[in-house]
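Shown below, as structure tokens, is a lone chain in the form predicted alone; questions about how it binds or moves come after it.
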């Protein structure tokens, strides 16, 4: 064994020792199978990388090319007919076999998945969370909902829920006049309520203007006669006939859940579906908080 190989292996040993010291200083749990495999792989890579590199660098210094040249050349540079080195060929074949095994049998190692374990832990935690807060009082739901809102909703709707100057839904009011007119004109089927899609053109002209002004104004004052066409689905009070149609008077749990489930198109862009990201109690809490924004 020449000096170059010895130096390479010595460097690998120093690297391995440094790795072990770093792992120990970080208090890594070495009883965990994944951590053990990771460390073993790091050691193997260090030894192989430096050992093999040293071997072939040394070989390039001492070996001379032999064999039969092919008939053609490139600017005087010829190519030998030598076969592929057996080590390279076996390594390539081994890589292919390992790849097939890894994807069909060994992924993840021993059928273990850190992602799967994490997801299972989340499901178990959510179950405990739901059980703990299933009868939460109004104050607890509001506080919980505010926390969720600030993390999940505020980036688009603003910390105060004002919609960032019209870029997203303004929670300080149910709907603007422009929004109501848009739905009256174009219809809507984004939220998948049991009543089905609302067709466009339900009213026009002065009737549409009157309905839009009434709804945007919080449904206060004298109800326009044209609102009767809306009451058939939304109810005379606009609260959605027990959840069969959207509540256009105020935010309620059914409305917030429908938006979280299906998403909704807005000025700032399409709000994605949050289905599965919040538990039923969290959705209820978020609705509770949104209903208090003024």
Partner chain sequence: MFHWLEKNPFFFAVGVFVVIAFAGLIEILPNFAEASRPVTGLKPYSVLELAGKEVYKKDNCIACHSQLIRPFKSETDRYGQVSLSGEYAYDRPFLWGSKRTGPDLHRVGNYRTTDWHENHMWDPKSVVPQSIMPAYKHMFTNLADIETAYAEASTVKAVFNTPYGPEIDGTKAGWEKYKPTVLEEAKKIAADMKNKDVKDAVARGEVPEIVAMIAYLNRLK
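Because the structure is a prediction, the values reported are computed rather than measured. Rigid core (definition): largest C-alpha set, two forms, superposition within 1.5 Å. Positions refer to the first chain, counted from 1.
Heads up, the form predicted together with its partner chain isn't pictured, but that's what we're talking about next.
Put simply, residue 126 is close to its partner chain in the predicted bound form: some heavy atom of it is within 4.5 Å. Contact annotation for residue 180: none of its heavy atoms lies within 4.5 Å of its partner chain in the predicted bound form. Proximity of residue 189 to its partner chain in the predicted bound form falls outside the 4.5 Å heavy atom cutoff. The closest heavy atom approach of residue 242 to its partner chain in the predicted bound form falls outside 4.5 Å. This chain is displayed alone, yet in the predicted bound form one of 206, 122, 213, 195 has a heavy atom within 4.5 Å of its partner chain; that residue is 122. The candidate stretches are 198-206, 180-188, 163-171, 214-222, and the one lying within 4.5 Å of its partner chain in the predicted bound form by heavy atoms is 163-171. Taking a 4.5 Å heavy atom cutoff to its partner chain in the predicted bound form, the one contacting residue in 251-265 is 265. Relative to the superposed core, residue 237 shifts its CA atom by less than 2 Å between the shown form and the other one. The two forms, fitted on the rigid core, differ between the shown form and the other one by less than 2 Å at the CA of residue 225. Once the rigid core is overlaid between the shown form and the other one, residue 71 counts among the residues whose Cα shifts by 2 Å or more.
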